[in-house]
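Below you'll find only one chain, the form predicted alone, shown as structure tokens.
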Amino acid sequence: MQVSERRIVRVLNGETLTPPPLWLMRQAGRYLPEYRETRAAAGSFLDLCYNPELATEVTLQPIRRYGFDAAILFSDILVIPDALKRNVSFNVGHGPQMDPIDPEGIAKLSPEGVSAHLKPVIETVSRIRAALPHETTLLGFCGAPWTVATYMIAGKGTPDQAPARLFAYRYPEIFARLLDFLADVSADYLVEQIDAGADAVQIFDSWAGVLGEKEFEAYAARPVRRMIQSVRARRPQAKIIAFAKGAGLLLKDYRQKTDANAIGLDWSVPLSFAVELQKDGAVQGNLDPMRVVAGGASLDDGIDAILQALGQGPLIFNLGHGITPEANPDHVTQLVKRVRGL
């Protein structure tokens, strides 16, 4: 099968398919007992990300169980700052932590060694592609510069990303340099994933929703466009999904500003607005993950509303953010059957 014949790639090329292809963000994760077993064997979370054998296994687990139309590389957006020697760690109950970066640290950032550090992840991509069914799309991914920068500046996740916003106001030129640097090393990383077998890639801007209009343009849209231009200059046929969580009305021209093939929608995006966005190309989303936790009629109703509103255009069915650990695996089976009309 040619890459262009895989269902998700067809939607990224602008086709409307019935039923729409589907995958779920964080489809390999703690809600699955087989994931928990593999995770326990791996040691730390980063050990799992950098172990090609185990990372391949957890990537394939939801494909075996549910037959999703896409597998997404199991990794994390913070492997980039980890490769930049920011001492990243994941501690239970505290989330990701790393050494906070300051203006002097930003001036010293270098791409040297980043590619070598990420070689195990690239090997995982190759292994996944070799093991996947021919019809299944393989998605690579990375974090958007703004979101990665928020963690690097604060040294941890924060509710409203005030440390990064304040840093950007105090040091606008230095902050722009950080975003450009992250855009460039992330674009290199995506090209390597594509070369290793990824059919398409997604850029996660998980913290885009805290930005005002001017800041969204400068910190979110512009760096993602820089990334996409860099990837396409080297791989002109690259298919790219841009997911700016919480961006709301700022998504109106996000596709045009970034040149992404598809726009990811979180669950707060009204379906009436999603229909307007879909007129310009493929959209992805946007079921509330809590409906998967609830199951039953709540889940069916949410699925039906999305299919009714967006099913007549290019749609990749997905959640509006990642599946949560408390989700019942049987509810995911219910979702798959409902989307596919089974």
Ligand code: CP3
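The first residue of the shown sequence is 1; numbering continues from there. Nothing here was measured: the structure is a model prediction, and the numbers come from that model.
What follows is about the form predicted in complex with this ligand, which we do not show.
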(message) Counting any heavy atom within 4.5 Å as contact, can you tell me which stretch out of 171-179, 102-110, 265-273, 71-79 lines this ligand in the model of the complex?
(response) 71-79
(request) Flag Arg26 as yes or no: does it have a non-hydrogen atom within 4.5 angstroms of any non-hydrogen atom of this ligand in the model of the complex? (result) yes
(message) Residue-level contact is defined here as any heavy atom of the residue lying within 4.5 Å of this ligand in the model of the complex; does Tyr151 satisfy this criterion?
(response) yes
(message) Please tell me whether any heavy atom belonging to His321 falls inside 4.5 Å of a heavy atom of this ligand, as the geometry stands in the model of the complex.
(response) yes
(message) Is Pro96 near this ligand? Define near as a heavy atom within 4.5 Å, in the model of the complex.
(response) yes
(message) Is this ligand in the model of the complex close enough to Arg7, Tyr189 and Gln193 that every residue in that trio has a heavy atom within 4.5 angstroms of it?
(response) no
(request) Heavy atoms within 4.5 Å of this ligand in the model of the complex is the criterion; list the residues of 187-205 that meet it. (result) Phe204
